[in-house]
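Before any questions on binding or motion, here is one chain by itself as structure tokens, the form predicted alone.
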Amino acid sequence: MTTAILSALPEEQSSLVQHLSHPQRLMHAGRAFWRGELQGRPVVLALSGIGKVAAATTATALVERFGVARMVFTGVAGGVGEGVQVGDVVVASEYLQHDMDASPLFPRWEVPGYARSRFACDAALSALLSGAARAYLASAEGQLGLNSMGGQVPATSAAPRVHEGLVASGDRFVCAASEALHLRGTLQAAGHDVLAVEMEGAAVAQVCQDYGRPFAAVRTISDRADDTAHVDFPAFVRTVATRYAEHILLGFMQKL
């Protein structure tokens, strides 16, 4: 069975492409896809594109054109949950669209036609991702401090941790402290305790629901979705997120 690995950023994909056996680059729907083997298992690598529509198009192409059996997403996110810090890893258990609002026809955040606001990730795949993330962080302990993080993480930060829980997606880059606090507070008041925010995962989760494909996602926390969210983001991706994605996904594929 072929596994699709979607990456949010080219840097994350390039590190995985280098590990492909028998790589083949294919163009479809205006996108480049890499087909090959990773850790001896068939995969298709794809860039999701930015935002929910682009991510949904990519996910649909992976099912319709490449016939993938499961999807895994790797990328970065802004941390909004209690105790979720820069350099931590969040493995999604569920997804919600924080900008979905079809009220008063439907309750806020409910996706019309689905009678739900949350889409669950596959428990078995998520457990494998969590295990691979914890194994990598443990093996790299002492190497993930201030120097290896390119100065992105304060020297007082605790060792990176793995969190599991709800992640929210929306077509907006949340980069103001007031907005992040309002978003978290509003969702929390409705029973949605969000750990992180990003721009693609909920769309992929919905597509996988439609096609009956297992889905899991892992996100490296690049910022606290506040007024510092834009600071040295490219440097963080190069020095931290790319390395996380490479090692976590290689460990995941080895155990699949």
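When you see a residue number, it is the position in the sequence shown, counting from 1. Computed from a predicted structure; not experimentally measured.
Omitted from view is the form predicted in complex with a small molecule, to which the following refers.
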* Asked: Though only this chain appears here, would Ile5 touch the small molecule in the model of the complex if you measure heavy atom gaps against 4.5 Å?
  -> no
* **Contact label in the model of the complex: Val76 to the small molecule, heavy atom within 4.5 Å** => yes
* Asked: With the cut-off set at 4.5 Å between non-hydrogen atoms, does Val174 touch the small molecule in the model of the complex?
  -> yes
* Asked: Does at least one non-hydrogen atom of Val53 fall within 4.5 angstroms of the small molecule in the model of the complex?
  -> no
* Tell me, which of Val218, Val194, Leu45, Met199 has a heavy atom within 4.5 angstroms of the small molecule in the model of the complex? -> Met199
* Site test, Leu9, Asp223 and Phe233 vs the small molecule in the model of the complex, non-hydrogen atom cutoff 4.5 Å -> yes
* Structure fact -> Testing 83 to 91, 166 to 174, 116 to 124, 131 to 139 against the small molecule in the model of the complex with a 4.5 Å heavy atom criterion leaves exactly one stretch, namely 166 to 174
